[in-house]
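Next up: a single chain in structure tokens, the form predicted on its own.
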């Protein structure tokens, strides 16, 4: 290695308690692995040094030789090389990285998961295929995409009891999962788990025709808006739906941001786009009728004409 470059690395690492060699910088990571390490460090320490290896090819290749490590990112703490993304992640999940960085002891973790009877039955069937020592793992990523899987306990796992079930959760997922409800539902496209997470940012949620029928039968306070033009509404319509171009638009303008609002069209494509546009206004409970009025005709009320 060039001696000047080695001296540069020596001084840089000695001058800062925490140095992350990464692609991009703390504000704009330019690869998924760098972004993942940045998020972990951000949750532990307020200040650390980053070096964008994309800005200088000699630094990008030189740090690999300096650390004798083939990949980026690379983390140094108090002059010592810690490792790349996989090792840093393992240490973070075990609490070792927090201890290394002197983070204060965290408050007790509060985690509650709600499992409906239908989901409990489905998960029990899921467990019947498990190998000895495996439990159901509940995960959620930074984009609030959820996953259920079977697997053994891992170091640091939290074990949550939901009825007769025991579920595994990684500690870093606990805050994002607290209060989450797991259900098992059937709709026109089949059956599957439905996970409702109150911590997730607002998004347009899918609603089946049978679910909407149940809401209407229960007298739930819901606004149903038909986004189709008048020509289509004259062919086929739902008696409780208001047209977006008219009464529905007026009701939407005065609706509470917490009101449940369902959009529908012919097959559910135009209504999803409309709901996503309305989402930008700050509404929190927006639904798209999956399959549109066509699904309602096929699964709920065949007297409603199809076209």
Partner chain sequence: MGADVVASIVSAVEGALAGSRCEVAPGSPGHYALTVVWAGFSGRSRLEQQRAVLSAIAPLMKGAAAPLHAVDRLTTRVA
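Just so it is clear, the structure is predicted and the values come from calculations on it, not from any experiment. Numbering follows the first chain given and starts at 1.
What comes next is about the form predicted together with its partner chain, which is not displayed.
- By the 4.5 Å heavy atom rule, the three marked residues 17, 35 and 41 all fail to count as contacting its partner chain in the model of the complex.
- Comparing 146-154, 80-88, 202-210, 118-126 against its partner chain in the model of the complex, the single stretch with non-hydrogen atoms within 4.5 angstroms of it is 80-88.
- Just one of 57, 239, 70, 282 comes within 4.5 Å of its partner chain in the model of the complex, counting any heavy atom, and that one is 70.
- Proximity to its partner chain in the model of the complex, taken as a non-hydrogen atom within 4.5 angstroms, holds for one residue of 96, 232, 139, 196, which is 96.
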